[in-house]
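Only one chain is shown below, in structure tokens, and it's the form predicted on its own.
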């Protein structure tokens, strides 16, 4: 389990993390999302022990991370911009990782060779960004970490390789109970793989829930009201739009609760539509003045 408790971090007077608290359950894939500058990469660098917080605690299985080699030996991290030694080949990096990480599995490395189909003798600097990302996943998964931290993990990969990488990660979670913290702007992909989601804004956590609970607590409804009809009071409406008589509303609350309230205004038509993680992200952040703005030219 990853526990971030009341963590604050300031850079030159700018508060990048503001009393941040979040919890990643053991064996979960936790999607950390938020706008640019929300503090996602900053908290990731704290969780991996690269940065030290000004205040608060960061624990993995109850132990502090910073300057704790025993804990950090069980953490693997793939940043947005991967780094390798300039003159090294994939084979060289494999030997380096094998010497540093006690759980590195040569057997797993050999099994994954076909999945990535990369030239082990090619120097890392000669590979494209996408191929470097593939090499990073190949090597990192072989480290057999208890905690895997990913920052924009599939950026630069083609659709087939993206699916291949997520498949490997999900199998690792299912079989070995690996705990995964992933930050990405690709909410469509996160929706397919994550079981928990945290939404950050301005260095703090807006909400944290399992994905299923999050989707159950916000409803998207299309309805048409009779002439003179108005929406009932007491609805927590996050967004409303209309095309002619047809209205689309995003309402905080479960589908049954919301439709029961809406039924009191005798709608001519009403339908509940599944809400995507991307829509939840947009409408939750709308209250933080981060909504999509209409620009008139």
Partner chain sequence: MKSKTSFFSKTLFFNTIKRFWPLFAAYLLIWLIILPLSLNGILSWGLENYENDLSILAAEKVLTQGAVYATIMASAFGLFFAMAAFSYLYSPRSVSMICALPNKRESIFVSQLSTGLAAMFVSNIIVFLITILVESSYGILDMSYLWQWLGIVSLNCLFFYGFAVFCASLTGNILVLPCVYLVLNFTVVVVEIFARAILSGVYYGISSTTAPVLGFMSPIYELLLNKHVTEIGNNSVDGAYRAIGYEFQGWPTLIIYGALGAVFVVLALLLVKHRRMETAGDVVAVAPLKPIFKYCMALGCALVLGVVMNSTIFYNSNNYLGYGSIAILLVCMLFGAFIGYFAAEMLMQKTLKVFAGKTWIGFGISCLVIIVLMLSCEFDIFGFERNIPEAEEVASVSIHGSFDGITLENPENIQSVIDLHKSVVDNKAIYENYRENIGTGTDVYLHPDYNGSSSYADNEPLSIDYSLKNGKMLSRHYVLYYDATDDCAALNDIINCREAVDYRKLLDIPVTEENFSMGYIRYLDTVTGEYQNYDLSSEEAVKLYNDCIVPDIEAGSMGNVWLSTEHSKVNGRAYFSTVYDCEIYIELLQRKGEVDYRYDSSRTYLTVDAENTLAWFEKQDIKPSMMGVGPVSDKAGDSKAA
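Numbering follows the first chain given and starts at 1. The structure displayed is predicted, hence computed values, not measured ones.
Just so it is clear, the following notes concern the form predicted in complex with its partner chain, a form of the same protein that is not shown.
Asks: I'd like to know if residue 265 sits close to its partner chain in the model of the complex, meaning any non-hydrogen atom pair within 4.5 angstroms.
Replies: Output for residue 265 is no: heavy atoms all beyond 4.5 Å of its partner chain.
Asks: Check residue 81 for me: does it contact its partner chain in the model of the complex (non-hydrogen atoms, 4.5 angstroms)?
Replies: Answer yes; at least one heavy atom of residue 81 falls within 4.5 Å of its partner chain in the model of the complex.
Asks: Check whether residue 70 has any heavy atom within 4.5 Å of a heavy atom of its partner chain in the model of the complex, and answer yes or no.
Replies: Answer yes; at least one heavy atom of residue 70 falls within 4.5 Å of its partner chain in the model of the complex.
Asks: Do residue 93 and its partner chain come within 4.5 Å of each other in the model of the complex, heavy atoms counted?
Replies: Although its partner chain is absent here, residue 93 would touch it in the model of the complex, with heavy atoms inside 4.5 Å.
Asks: Heavy atoms within 4.5 Å of its partner chain in the model of the complex: which stretch among 229-237, 23-31, 245-253, 60-68?
Replies: One stretch meets the cut-off, namely 60-68.
Asks: 109, 101, 116, 166: which sits within 4.5 Å of its partner chain in the model of the complex by any heavy atom?
Replies: Looking at 109, 101, 116, 166 one by one, just 101 meets the 4.5 Å heavy-atom criterion.
Asks: Go through 31-52 residue by residue and record those having a heavy atom within 4.5 Å of its partner chain in the model of the complex; state none if no residue qualifies.
Replies: Stretch hits, in order: 45, 48, 49, 50, 51, 52.
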